[in-house]
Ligand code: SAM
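What follows is one chain in structure tokens, specifically the form predicted on its own.
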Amino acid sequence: MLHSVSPVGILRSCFKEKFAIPRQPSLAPAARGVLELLPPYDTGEAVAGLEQVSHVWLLFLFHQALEDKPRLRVRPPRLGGNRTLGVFATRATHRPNGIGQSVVRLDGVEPGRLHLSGIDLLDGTPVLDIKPYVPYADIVEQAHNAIADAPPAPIAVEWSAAALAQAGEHARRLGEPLVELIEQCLAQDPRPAYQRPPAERRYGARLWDVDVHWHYPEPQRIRVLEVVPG
């Protein structure tokens, strides 16, 4: 039986491209965005009472990773991209029906808009549903996952003096914690785990409206080189 679904809103996110998005929510608390609700949910009625909630579950579409052919096995980045697991044993973006879920912090509620942080969603992501986080029901004390039992160890992030000054300037202009966002995202090491590039290779990602460039002077150390208008 086929079912059709329609988004309840579209997320306006600090992440403008997939590279450097944290692989799980809450790993970058400085990652912020606004969920713009669509009619008929863009009135105060649909969000009445939500101001009493600190976190929400978002059910969304991986709109840039939708596929016609189902994948039964995937290669999770966490495992280095060279080991396969059944799709239902992972949180890979290649999902049946393209559905993802994230629990994010709810920072503010207004008619038609939710202000969120700790997000891991791409700009323009269609959100299918919003559910309040319920601690007594959603926390399972004895839960375990041998595949991902702890967050990945962060990698060291350092700055060139010029890049730090540029980031501070753009942070003031945007009114966003840009320095913290860059550090939190890069500390997760966006590279595929199997990739060990030469020190001169530069990487880049767009956050808000700026492009961040960095390299790896050592395998476990990142140096931010510049933060320039996108």
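Throughout, we count residues from 1 along the sequence that is shown. Fair warning: this is a prediction, and the values are worked out from it, not measured in the lab.
The same protein also has a form predicted in complex with the named molecule, omitted here; what follows describes it.
A.B. asks: According to a 4.5 angstroms non-hydrogen atom cut-off, is T43 in contact with the named molecule in the predicted bound form?
C.D. replies: Taking the distances in the predicted bound form, the answer for T43 is no, it never comes within 4.5 Å of the named molecule.
A.B. asks: Applying a 4.5 Å heavy atom distance criterion, does V179 contact the named molecule in the predicted bound form?
C.D. replies: No, V179 is distant from the partner.
A.B. asks: Contact between H63 and the named molecule in the predicted bound form at 4.5 Å, heavy atoms?
C.D. replies: Judged by the heavy-atom cut-off of 4.5 Å, H63 is in contact with the named molecule in the predicted bound form.
A.B. asks: Is there a heavy atom of S160 no more than 4.5 Å from a heavy atom of the named molecule in the predicted bound form?
C.D. replies: Contact with the named molecule, no.
A.B. asks: Considering non-hydrogen atoms and a 4.5 Å limit, which listed residue (R206, R221, K18, R12) is close to the named molecule in the predicted bound form?
C.D. replies: Comparing distances to the named molecule in the predicted bound form, the residue within 4.5 Å is K18.
A.B. asks: Here the chain is shown alone; which of R75, K131, R91, H115 has a heavy atom within 4.5 Å of the named molecule in the predicted bound form?
C.D. replies: Comparing distances to the named molecule in the predicted bound form, the residue within 4.5 Å is R91.
A.B. asks: Partner absent here, but in the predicted bound form, which of 147 to 155, 91 to 99, 134 to 142, 67 to 75 has residues with a heavy atom within 4.5 Å of the named molecule?
C.D. replies: Of the options given, it is 91 to 99.
A.B. asks: Looking at the named molecule in the predicted bound form, which residues in 109 to 139 have at least one heavy atom within 4.5 Å of it?
C.D. replies: Going through 109 to 139 in order - heavy atoms within 4.5 Å of the named molecule in the predicted bound form - the hits are D120, L121, L122, T125.
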